[in-house]
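Consider the single chain below, provided in structure tokens and representing the form predicted on its own.
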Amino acid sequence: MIKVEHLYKSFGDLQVLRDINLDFEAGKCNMIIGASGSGKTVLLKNLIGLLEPDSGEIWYGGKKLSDMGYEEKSRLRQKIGVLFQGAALFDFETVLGNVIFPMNFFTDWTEKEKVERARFCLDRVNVSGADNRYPSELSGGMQKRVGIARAIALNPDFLFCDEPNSGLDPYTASLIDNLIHGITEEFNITTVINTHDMNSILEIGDSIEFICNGTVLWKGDRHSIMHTSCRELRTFVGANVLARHMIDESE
């Protein structure tokens, strides 16, 4: 479980996050949603340690991130998997090499053990027979699947996904959504997804946090979001539904 208490973050005079309080539950898809510029990406970077908050606390399993020393933070990083926007695969590595890559840094496994683990992860995301192919030879959806396989290669306790459906068609995006949701439940991972995709939100949003202008304005789930009385959230939902309708009409 991840807990955030009274988190603030600024860049110069620009206040980006204001008194953020959140709880992310294990075995669930916890979504951070909001319009571009709302602060959700900055929050995600604080959670995974790419940025440090000005004040406030982030807890991992009952331990404050700010109290952890270098070695403890290194051990924590081994328990964190990240699916970057666009998959962010290494062009110079094969599919198998991409999945093995984090194992080379964080494990002392034999080459046989690394290959076995990589193939297990690739099988779990329904990618088989592509070990020796390169990212440029894969479709966008296949690249995302390989990205997920790499993110779970070290059997993480925590999985962070930054706009996992960016650039995908609706059908492929739905497949990726359900794959992430299934892995989350199967391995009891605390999954945090940064998105503004309404299809994703309504399909797999177990726990949803809506951020507007750096503040959490609403908390709920996919079953309650369409009945919210929060004016800002209703505007966000309406704009996204309209945008999706316009895309569908143009296809």
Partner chain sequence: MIRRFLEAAGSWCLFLRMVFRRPEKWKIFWKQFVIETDKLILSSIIIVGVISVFIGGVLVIQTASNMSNPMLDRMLVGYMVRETLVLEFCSTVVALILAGKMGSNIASEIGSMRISGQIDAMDMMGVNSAGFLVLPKVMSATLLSPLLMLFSFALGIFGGWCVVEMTEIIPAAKYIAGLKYAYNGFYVFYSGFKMALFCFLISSISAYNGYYAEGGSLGVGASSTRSIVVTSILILLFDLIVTQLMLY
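Positions refer to the first chain, counted from 1. The model shown is predicted, which means the values in this text are computed figures rather than measured ones.
What comes next is about the form predicted in complex with the partner chain, which is not displayed.
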* To do: Name the single residue among I80, L179, M142, V115 that comes within 4.5 Å of the partner chain in the predicted bound form, judging by heavy atoms.
  => I80
* The unique member of S74, N126, N132, N155 whose heavy atoms fall within 4.5 Å of the partner chain in the predicted bound form -> S74
* in the predicted bound form, I48 touching the partner chain (heavy atom, 4.5 Å) -> yes
* To do: May I ask you to state whether F92 is within 4.5 Å of the partner chain in the predicted bound form, using heavy atom distances?
  => yes
* Asked: Are any of the heavy atoms in T172 no more than 4.5 Å from a heavy atom of the partner chain in the predicted bound form?
  -> no
* To do: Using the partner position in the predicted bound form, report whether T107 sits within 4.5 Å of the partner chain, counting heavy atoms only.
  => yes
* Mind checking whether each of V16, K40 and P53 has a heavy atom within 4.5 Å of the partner chain in the predicted bound form? -> no
* Among 209-217, 28-36, 66-74, 194-202, which stretch has residues whose heavy atoms lie within 4.5 Å of the partner chain in the predicted bound form? -> 66-74
* **Contacts with the partner chain in the predicted bound form, stretch 145-173 (heavy atom within 4.5 Å)** => R150
